[in-house]
Each structure stands twice: as structure tokens, then as C-alpha cells.
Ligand SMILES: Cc1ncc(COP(=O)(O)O)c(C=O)c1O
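Only one chain is given next, in C-alpha cells, and it is the form predicted alone.
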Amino acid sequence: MTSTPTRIELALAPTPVMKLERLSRRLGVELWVKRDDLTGLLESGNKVRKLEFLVGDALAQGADTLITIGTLQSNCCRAVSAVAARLGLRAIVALTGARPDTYDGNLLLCRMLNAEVRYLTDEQFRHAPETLEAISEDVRRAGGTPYVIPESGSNELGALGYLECAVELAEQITHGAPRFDTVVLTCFSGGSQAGLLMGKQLAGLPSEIVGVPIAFPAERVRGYVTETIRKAIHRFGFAIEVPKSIQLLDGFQGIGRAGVDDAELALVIRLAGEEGLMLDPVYTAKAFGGLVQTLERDNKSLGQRVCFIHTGGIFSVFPFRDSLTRLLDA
């Protein structure tokens, strides 16, 4: 039996699209950005779209406590904390790593948003399902009703946020935005790409959807995208097909999931100065760098009009202040 998802409005949408004029001239291709870093709730980026459905489901189940997991600088944990504060819910964020002497970036915001932080050992983080269930049991014993949001909000329910983003972009194109040949986005697990691919079919979005993996191998991302779409079709009864191919720009994972090198930080600095646009060093800088390198090698490879979806993460800049200062003053 299929189910109908519950959605609550959280995002400031539709988010605008804007052309990167100087970079477009340099690359010889029209390069645009869909500003999903401007979805609101402390600039919580793509996570707010996902949380419209995940928190909608939580409220439908009578939950009063949102629980999620991530790194110390998790954008999703900060977004969950912001949504919980806005809706009057309790938030518990389970973060891998020791408590720092000074709060910074997303962790600082989590604390200011009144989230309860549980610091995890590497072993606890590796066994995330068991860790989250233990925290949920703590909440139940205290008389609360927990709801677990997966890391990055990435499952078939969270993917509906980017199904709706595809619908939104298709409507923007209908009402005068450029007809993009390709839409490119950052891929961590692949949930957002799964949503866009579903929305492409349902809304008739004309663009090809291309992901840039920044953490996991390409085949793992392809498998996750495919499985997420399959689960969504089964759960929600969508009259769509699983795409036969998942398009990715591979080879831009960098030095690891949370690792950032000088080249990625230099790109953050360069784009800020050239276009007034701030990328997140951990995620969007890796993906955008991969896009730029692809277009530098062949500016016709993705068509004449390319749109990069900026999925947010601005507060991740601040923990890199020492390295950014060194590069700026070099």
C-alpha cells in the first residue's frame, strides 16, 4: 500500500537563479546558480527542503524530539536544530568527535539554537543505527516521543524535497528562466540527485541531471540514487521509472569527506571575489571545482547553459579561518 507524505512549509521558495557573468565569459558557457543556499532558517540550504517532509512526518507521528547524527560541523544537524527551535521541538544532535574547547561554525549555532549535543566516539558513529536507537530509548524513558532523521536527511522521504525543487525549477523555466541543458549538484550520499531525477520525470524538467560525488566512490553514489528512487516508487506509488544511467562527474572527492585542501579553499576565495558568491569548503567547493575543471577541459561537454545548484553550508567557512587567512595574506 502506498502512502501520502506530509509536508510542512519551511523553505523560502522559489529560490532565485542568477548568472555568473564573469565566470561565464571566461569559460565560454552560460553558467548559472540556483541559490538554494537562500532557503532560509539560518541559510540552511538543501536540508530545509528535505526537512519539510521529514519533520512533516515527525509531526504526523506526534513526535516532540528530533534526533539526528553527523560530524561536528554538520550542516544537517544545524538545520535540524534550527527547525526544532522554530517549531518548539526538542533537538538532540549526535556528533562524531570530542567536545572542543571553543564552539565554532555549525556546532556553535547548534548550541545557540538550544540543541542537546551528544559527542560520539568513532565506534559509536560507525554503529549509527544502534547509537540513534539508544538515544531514542533515552527519550522514551523520559516520556518523550522521538523521531530519527537520517544523516543528511537522506532517504526516500527526504528526497522528496528535491523532487519539489525540480518541479520548482521546471516552473521557473516555463516562466522565463533559461532552459538549462544541464543541472549540476553536489552529491554526498545522492539523496538530492535522486529527488531531482524523480522530479525531472514528473514535472518534465528538460535538463540533464549530473551529480558530483565529493565523499564516496561514484558506484556507491549511483547505487544509493537508484535504490532511493526504487524505494520512493514503492512507498509513494510514483508513475516513473528508475533511470537507466545516473550521470556523475567523478574524481573530485578530494582528500576525504571532511578534508579540505588549499586548492578548494583558493576556489572559495576566488569565487567570492569574482562573483560575490560564497561556497562551502567541504561540499560545494569540491563539486563546483569539479564542474569548472570539466568545463575548462571541454566547455561544450554539458551544453551551452549549465545551472549549478548551490546547496548551502556557508557556516562551514569559519572553522577554516586560519587556512583562509594564510592564503589571503600569501
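Worth saying up front: this structure is predicted, and the values here are computed from it rather than measured. The first residue of the shown sequence is 1; numbering continues from there.
Absent from the display: the form predicted in complex with this ligand. The rest refers to it.
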Looking at the partner-bound form in the predicted complex, is residue 283 within 4.5 Å of this ligand by any heavy atom? yes
Would you please decide whether residue 165 lies within 4.5 angstroms of this ligand in the predicted complex, comparing each non-hydrogen atom pair? no
Considering non-hydrogen atoms and a 4.5 Å limit, does this ligand approach residue 191 in the predicted complex? yes
Check residue 81 for me: does it contact this ligand in the predicted complex (non-hydrogen atoms, 4.5 angstroms)? no
Partner-free chain; cross-checking this ligand in the predicted complex, the single residue of 131, 154, 182, 96 with a heavy atom within 4.5 Å is 154
Of 92, 209, 107, 187, the one that lies within 4.5 Å of this ligand in the predicted complex (heavy atoms): 187
Look at the stretches 58-66, 39-47, 269-277, 23-31 and give the one with heavy atoms within 4.5 Å of this ligand in the predicted complex. 39-47
Taking this ligand in the predicted complex and a 4.5 Å non-hydrogen atom cutoff, the residues of 298-318 making contact are 311, 312, 313
